[in-house]
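Take a look at this one chain, the form predicted on its own, written out in structure tokens.
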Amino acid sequence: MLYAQILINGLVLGGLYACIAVGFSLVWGVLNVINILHGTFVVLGSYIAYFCYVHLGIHPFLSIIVSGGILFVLGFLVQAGLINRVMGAPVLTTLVLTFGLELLLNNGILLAFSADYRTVQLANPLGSTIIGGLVFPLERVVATALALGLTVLLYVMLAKSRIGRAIVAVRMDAEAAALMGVNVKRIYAVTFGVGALMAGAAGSLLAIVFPISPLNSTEFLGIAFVVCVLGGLGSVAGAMVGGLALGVIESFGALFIGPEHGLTIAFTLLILLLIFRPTGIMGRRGYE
């Protein structure tokens, strides 16, 4: 029974991890940009959810629309105005640029809100339910369901919509896509905006699970890295599988070696995968 409960806790956590990582994977796979801003985007989404709930009474489950929309616009403008100017440069150039932007944004959040941890205290929490002797925390279960639902919507958008097919085409061959009439720079900006949208939505959902602080950005970025390597860069389904796998591994690792070593487990797994299976579980060329 104990192991079954830990498995459930891991799957619930892993769904949130998948939502954190899928936007990071999308940007890295399509633009070949390692977006160091991603963790701070997640934190910013959590702050938006917090203030929407405290000042406007909008539940974090609903504020994913607000945080996702604001982060999409921010991501689009950052890509269109700054990162697009260095596209085609060596990857170290874009890495340093996003690192510098991350320092500016994260320190701006620190100045605005301080490093103090904040929590969303729901007026009417859903509580938990017991099924077959297993405890299901309903807020986390609903948050995970929404996170996985957003990931599935992204998968469908990439596979079925016109803009999604354009993103896939640019991912496969940007020059050929440009010859077919695709505005590659605009697609880059849209893709970066979608990645930021997913980060903001994940942050809104995480606001009811974890305390909120700018100091969390590094942890969220590390999770995104590990999930992308575990699931395989270039696969939305891989991000989902990688997130669920990491959540389960961390949960069982917390049982055996202690919860304070969660990041240690994650980065040890990252190193092992880079050595023995760098393509990840479901890595492939291009998005489905």
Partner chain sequence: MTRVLPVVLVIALVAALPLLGDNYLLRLGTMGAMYAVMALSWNVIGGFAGYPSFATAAFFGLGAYTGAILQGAGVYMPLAWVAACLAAALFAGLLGLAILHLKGHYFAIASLVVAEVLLEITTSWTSLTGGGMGLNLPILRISVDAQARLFFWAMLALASLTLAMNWIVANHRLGFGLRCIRQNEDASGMVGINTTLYKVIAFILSAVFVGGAGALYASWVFYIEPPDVFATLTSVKPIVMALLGGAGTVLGPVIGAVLFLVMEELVWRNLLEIHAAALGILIVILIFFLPGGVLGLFKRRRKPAAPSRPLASAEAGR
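Positions refer to the first chain, counted from 1. Computed from a predicted model, the values in this text were never measured in an experiment.
The same protein also exists as the form predicted together with the partner chain; that form is not shown, yet it is the one meant from here on.
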At the 4.5 Å heavy atom threshold, is residue 33 in contact with the partner chain in the predicted bound form?
yes
Would you check, heavy atoms only and a 4.5 Å threshold, whether residue 85 touches the partner chain in the predicted bound form?
yes
Heavy atom to heavy atom, is residue 91 within 4.5 Å of the partner chain in the predicted bound form?
yes
Contact between residue 270 and the partner chain in the predicted bound form at 4.5 Å, heavy atoms?
yes
Of the residues 115, 180, 163, 95, which one places a heavy atom within 4.5 Å of the partner chain in the predicted bound form?
95
Let me know the one among 184, 209, 169, 101 whose heavy atoms come within 4.5 Å of the partner chain in the predicted bound form, would you?
101
Three residues, 107, 225 and 274; all within 4.5 Å of the partner chain in the predicted bound form via heavy atoms?
yes
Can you say which of 107-115, 209-217, 69-77, 130-138 gets within 4.5 Å of the partner chain in the predicted bound form, counting heavy atoms only?
107-115
